[in-house]
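Have a look below at one chain only, the form predicted on its own, in structure tokens format.
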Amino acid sequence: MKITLAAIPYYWPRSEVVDFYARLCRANIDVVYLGESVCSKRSEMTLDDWLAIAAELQRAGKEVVLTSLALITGRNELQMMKRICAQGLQVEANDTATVQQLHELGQPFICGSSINIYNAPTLQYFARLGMRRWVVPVELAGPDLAALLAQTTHANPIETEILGWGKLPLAYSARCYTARAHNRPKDACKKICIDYPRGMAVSSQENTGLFTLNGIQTLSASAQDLRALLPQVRSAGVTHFRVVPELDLQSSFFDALEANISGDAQPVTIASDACNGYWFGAAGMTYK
């Protein structure tokens, strides 16, 4: 099983982004996703900046994938998506417009978790368009995933990636919660997201963590953590274990994860605030 690092979901200053990838350039990571998937206004990093980081990661032996927006709403965003697809690198398509563009280019691609694939015919449909790997939608339970892959992998192998550690991307909206929370219209948000490098925590009236708001994106309040369930994850047919970036992520985390995957270390204990419910077919925020 390979270890992947998802694209950074938050809006970090350019220096933080550069330092993050420099720190993890030689970590135990097989695949690194780069780029902006949440909001096109987050302009700290240009496409040339991402390509420079991609080149450095490739020199360190990493497989690099450019990512695309999950919600394309304007002409400029459409043009940027086409520029990303034209770079000759692998692309994670997070919406079907990107899938169409990559299919027309004859370029294999990866489907992100925001593309709804919940059954074998849909998986095979995207495979015929050129999909070589897919990221499992966060709500798909482990037994359902295993049953789905059992119908497809023997005749037409497809790499399968699961969000193994990190906050779950639950939803996207045309409106921006972070701007609204500061009483700003979306068009004049002044990029307030940069003040929330871990997202904006939202609690219930019982003061229980409920969500993390990240601009137009809604994340779970806590992280899904499937490290202790690696045997079940592997037996379901998963080939890639995804980690979602957080500011304090260090190389030692990936060393320990690699040891867990290879069987050289004891399984980790699930954090008490982990939200692994979806894997068991329960409510997503449930701890298991």
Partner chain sequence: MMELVAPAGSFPAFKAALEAGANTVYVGFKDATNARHFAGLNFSDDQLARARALATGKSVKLYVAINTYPQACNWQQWTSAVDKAVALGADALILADTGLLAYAADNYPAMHLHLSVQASATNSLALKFYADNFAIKRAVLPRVLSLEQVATLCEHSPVDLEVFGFGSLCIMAEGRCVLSSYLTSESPNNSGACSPAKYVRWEESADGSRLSRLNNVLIDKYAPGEPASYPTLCKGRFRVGDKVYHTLEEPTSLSTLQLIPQLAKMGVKAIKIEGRQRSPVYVRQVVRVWRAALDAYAEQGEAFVPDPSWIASLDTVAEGSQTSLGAYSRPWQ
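None of the values given here were measured: they were computed from a predicted structure. Numbering follows the first chain given and starts at 1.
There is another form of the same protein, the form predicted in complex with the partner chain; it is not shown, and what comes next is about it.
The putative spot formed by 252, 263 and 279 is not touched by the partner chain in the model of the complex; no residue has a non-hydrogen atom within 4.5 angstroms of it. Although the partner is absent here, residue 74 is a contact residue: one of its heavy atoms lies within 4.5 angstroms of the partner chain in the model of the complex. Contact check for residue 83: every heavy atom lies farther than 4.5 Å from the partner chain in the model of the complex. The partner chain is not shown here, but in the model of the complex it comes within 4.5 Å of a heavy atom of residue 95.
The shortest heavy atom separation between residue 195 and the partner chain in the model of the complex exceeds 4.5 Å. This chain appears without its partner; in the model of the complex, the one residue of 135, 168, 91, 131 with a heavy atom within 4.5 Å of the partner chain is 168. In the model of the complex, the partner chain lies within 4.5 angstroms of at least one heavy atom of each of the following residues of 186-217: 186, 187, 200, 201, 202, 203, 204, 205, 206, 207, 210, 211, 213, in sequence order.
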